[in-house]
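The chain below stands alone, shown as structure tokens; this is the form predicted on its own.
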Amino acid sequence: MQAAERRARKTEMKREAILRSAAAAFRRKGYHGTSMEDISEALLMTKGSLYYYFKDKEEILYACHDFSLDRVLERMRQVLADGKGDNAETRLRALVQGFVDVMIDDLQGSALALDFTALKPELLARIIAKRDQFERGMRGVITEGVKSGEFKRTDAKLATLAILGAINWIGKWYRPDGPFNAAEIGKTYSDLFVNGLRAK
């Protein structure tokens, strides 16, 4: 690995550490109740060092959402590309598990539950576009399941919103030291949603 690549990787790792610390602080104190000092102190950094990586708190909030959504969309692309021969149930289970994994394992299960409406309009529009992209992917899988007869006749958009709403809420109650891990939560949620959609 070249020196430039090592520096870039080191910077990326530091940015991720800042996002994890910030997401945890935002969850504890709320976005508006968290200061740049709170975030830097948790990492034993000076506030000046923090500004080297992010210009302000809003940029950190945006980066938290963007980081997590990129991972959610990557999971979706893998499921839709690798699982072309799978039935709708298998793909829906994989989408649910992938989303749960990101909610819990990336940025400690809190980033996607943060209040993104605090972002300025242009940043908010980018986040909403990515959220909508994942919603369309899941809705497409449910629609295919309805058409194939795997799932009962239902409104795919409402079903998708119900699933995403339940998963998004994980960030409100999940604790890393709690009794359930990502695999267990994903399996339980998958069973509930798929069983509710499955045709009789």
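Model, not experiment: these values are computed from the prediction. Numbering starts at 1 and follows the sequence shown.
FYI, the form predicted in complex with another copy of the chain isn't displayed, but the following is about it.
Tell me which of 36 to 44, 52 to 60, 158 to 166, 66 to 74 has residues with heavy atoms within 4.5 angstroms of another copy of the chain in the model of the complex? Single hit among the candidates: 158 to 166.
Would you please decide whether Ile185 lies within 4.5 angstroms of another copy of the chain in the model of the complex, comparing each non-hydrogen atom pair? It does: once another copy of the chain is placed as it appears in the model of the complex, Ile185 has a heavy atom within 4.5 Å of it.
Please run the contact check for Asp82 against another copy of the chain in the model of the complex: heavy atoms, 4.5 angstroms, yes or no? Answer no; every heavy atom of Asp82 is more than 4.5 Å from another copy of the chain in the model of the complex.
Even though the partner isn't displayed, in the model of the complex is Ala17 close enough to another copy of the chain, meaning a heavy atom within 4.5 Å? Answer no; every heavy atom of Ala17 is more than 4.5 Å from another copy of the chain in the model of the complex.
Are any of the heavy atoms in Asp105 no more than 4.5 Å from a heavy atom of another copy of the chain in the model of the complex? Outside the cut-off, so no.
With the partner left out here, which residues of 32 to 50 have a non-hydrogen atom within 4.5 Å of another copy of the chain in the model of the complex? The one in contact is His32.
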